[in-house]
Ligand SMILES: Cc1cc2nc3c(=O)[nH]c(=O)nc-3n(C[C@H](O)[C@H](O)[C@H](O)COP(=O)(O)OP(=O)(O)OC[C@H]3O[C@@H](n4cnc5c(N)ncnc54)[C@H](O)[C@@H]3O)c2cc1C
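Coming up is one lone chain in structure tokens, specifically the form predicted alone.
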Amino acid sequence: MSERAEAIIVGGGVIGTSIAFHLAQRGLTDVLLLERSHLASGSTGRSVGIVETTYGTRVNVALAKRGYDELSHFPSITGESADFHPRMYLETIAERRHLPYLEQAASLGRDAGLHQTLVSPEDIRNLFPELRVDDVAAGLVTQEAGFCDPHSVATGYAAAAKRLGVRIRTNAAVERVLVDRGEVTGVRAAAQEVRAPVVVNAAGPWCNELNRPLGFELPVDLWQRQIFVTTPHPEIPADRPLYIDITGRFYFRQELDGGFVLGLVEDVAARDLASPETDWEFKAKAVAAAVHRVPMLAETSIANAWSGIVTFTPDQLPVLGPVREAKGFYLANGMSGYGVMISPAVGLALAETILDGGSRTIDISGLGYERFRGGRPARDAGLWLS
């Protein structure tokens, strides 16, 4: 006799575990989460864990604010720790032609109740004395931000979901979604069938392995990201703001000991999804960007490094919701580099969509996969400026 569940979630990163928790919190506890390896083994476990709320579109702000609210109160909501640490967030632009983007982001943030301030280079120098600002046109500071441990978030959601009755199975790769007469009937995993009327695709970089057999594919690019961590500098306090240069596509945050976690975005196609390797030749580019922005980092060294995979959609927005190819099949894919910070919102929105027929808390109606059909060009709506 086949195993049964009311819902199956494919993927054990922050997205899948958040959906499992929020479904169970809403009362649907007959849920089975299947993970091909171990929890947080994919993109989640290689994220830098930045949590921020500054975006240029209303839906992104709504997703990010919900994420910040839940991650910053994770113990009281889940009974687990996200290892969250509050920090201010600073993003800068190099050219004044991008000032309307910052102004729009500030306006949307204020509408959502965020505390945001447009700042001049001189303001930035007072806020972050070690930061080079002679080539900065303007910046935006946000109070609602910080960083967390993504592995703790995923395992925390999983532990809380299990206490509510959710079953979690690792080393259980899903081979196929089962469909009969246009309706989901379950999945095949480890050569066995598990029956369920609802299946959620939260498989991260592997999402299209489940979508393709159903007759569609998401336009998701898989990019490799290289992360490097410096040793602490004794003269730089460990409480400096999270920083993103949205023009130069460079970002960093500090560890608790003051070391800088550096990331430089270049669109390099991912090769090994399961075990992406560190590109040590890329280190020179990341270090050059870091030293340019914080010259004192020239006096530090690289203490650690890792690589991860990011799934980007054409408009840098996630793909959320049901599909028409199979009733009962739901997507939670294409997080475009900020899956950790919006995972609470995605979990809630998917739970509401599955149980209530639509997301009530956050309007995700514009995030369905239909927006990529018809050949219409997608407008960038995420973090990085074109």
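In this text the structure is predicted, and so the values were computed from the model without any measurement. From 1 onward, residues are counted along the sequence shown.
Only in words, not in the display: the form predicted together with this ligand, which the text now covers.
The shortest heavy atom separation between Tyr251 and this ligand in the predicted complex is within 4.5 Å. At the 4.5 Å threshold, heavy atoms of Gly42 reach this ligand in the predicted complex. Taking the partner from elsewhere, Ala64 is found to have every heavy atom lying beyond 4.5 Å of this ligand in the predicted complex. Interface membership of Pro241, defined by any non-hydrogen atom within 4.5 Å of this ligand in the predicted complex, is ruled out.
Only one segment in the set 102-110, 200-208, 229-237, 127-135 has residues whose heavy atoms sit within 4.5 Å of this ligand in the predicted complex; it is 200-208. For the options Val59, Leu34, Ile354, Leu317, the one in contact with this ligand in the predicted complex, meaning a heavy atom within 4.5 Å, is Leu34. Between the options Leu264, Val184, Val294, Ile309, the residue in contact with this ligand in the predicted complex by a heavy atom within 4.5 angstroms is Ile309. Within 4.5 angstroms of this ligand in the predicted complex, the stretch 6-35 places a non-hydrogen atom from each of Val10, Gly11, Gly12, Gly13, Val14, Ile15, Gly16, Leu34, Glu35, taken in sequence order.
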